[in-house]
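A single chain, nothing else alongside it, follows as structure tokens in the form predicted alone.
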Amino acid sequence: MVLKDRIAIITGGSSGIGRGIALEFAREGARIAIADKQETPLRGKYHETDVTTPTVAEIEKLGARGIFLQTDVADESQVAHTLNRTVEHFGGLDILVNNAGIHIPGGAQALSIADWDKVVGVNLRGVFVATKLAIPHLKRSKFGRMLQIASVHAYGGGAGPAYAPAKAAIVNMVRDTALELGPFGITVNAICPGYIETAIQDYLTPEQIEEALEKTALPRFGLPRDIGRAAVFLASDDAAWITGASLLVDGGFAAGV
């Protein structure tokens, strides 16, 4: 168990990629706080159609310890409360995974300014808030790790004028934060997923999904577990000398761009 007894917070951990990361962390012995707006997992019309059990219940089935903390990452006070409760409950913090994110479809003319603010508020501002507030706790850890979940869209357009720019900014934030925290032995890295089979894909049409598969080099879409295993590696001692990096976990999607 490469994460035995290490304490992690995963934002957006009730569903999708966050849930996948949480379950892989649990398999590796971590103690996990799930920070999300709701405990009930999302169910999609294409993927994750039968997911019903809360993530903490699945963590406990794996023999690990978990706690759910209702959190809106766009609310600074809620993020602070979640960090403090995690430290109180488990006794510290070793790993922060900023995974929570939203997507509102629409181009520059269709997307309202209010919706642009909402997407950037969660996907970029929320990441910064959690990062800023977690740093004092991570400095007290012997093996501080910070993982930001960006996207393959950080490297190209096509996901709208809010989502893609916010994810690109995360990649740059990772580099900047890695330089700041390097002297304290804290690593900061990003994972950039491609198409992952989660409920967040509901906004797509079947034709768009088929097009995404055709652009993916490997003959399948990714699963939350695929991102989870990458996150385990970056959070483990095996990645102790990797920081400021952004890892594409996209089945080769970006190779053809």
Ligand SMILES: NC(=O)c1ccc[n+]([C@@H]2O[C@H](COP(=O)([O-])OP(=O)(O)OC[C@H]3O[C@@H](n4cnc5c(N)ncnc54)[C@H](O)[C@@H]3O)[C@@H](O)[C@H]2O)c1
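Quick caveat: nothing in here was measured; it's all calculated off a predicted structure. The first residue of the sequence shown is number 1, and the count goes up from there.
The form predicted in complex with the named molecule is left out here; the points below concern that form.
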4.5 Å heavy atom contact, Ala33 to the named molecule in the predicted complex: no
Since only the chain is shown here, I'm wondering whether Pro193 would be in contact with the named molecule in the predicted complex (any heavy atom pair within 4.5 Å). yes
Does the named molecule come within 4.5 Å of any heavy atom of Ala162 in the predicted complex? no
The named molecule contact at Lys37 in the predicted complex, heavy atom, 4.5 Å: yes
Look at the stretches 194-202, 56-64, 24-32, 210-218 and give the one with heavy atoms within 4.5 Å of the named molecule in the predicted complex. 194-202
Can you confirm whether Gly12, Ile17 and Thr71, the three residues that make up this candidate site, all sit within 4.5 Å of the named molecule in the predicted complex, judged by heavy atoms? yes
Within 4.5 Å of the named molecule in the predicted complex, heavy atoms considered, which of Val171, Leu181, Val122, Leu83? Val122
In the predicted complex, the residue from Ala150, Leu93, Ala130, Met146 that sits within 4.5 Å of the named molecule by heavy atoms: Ala150
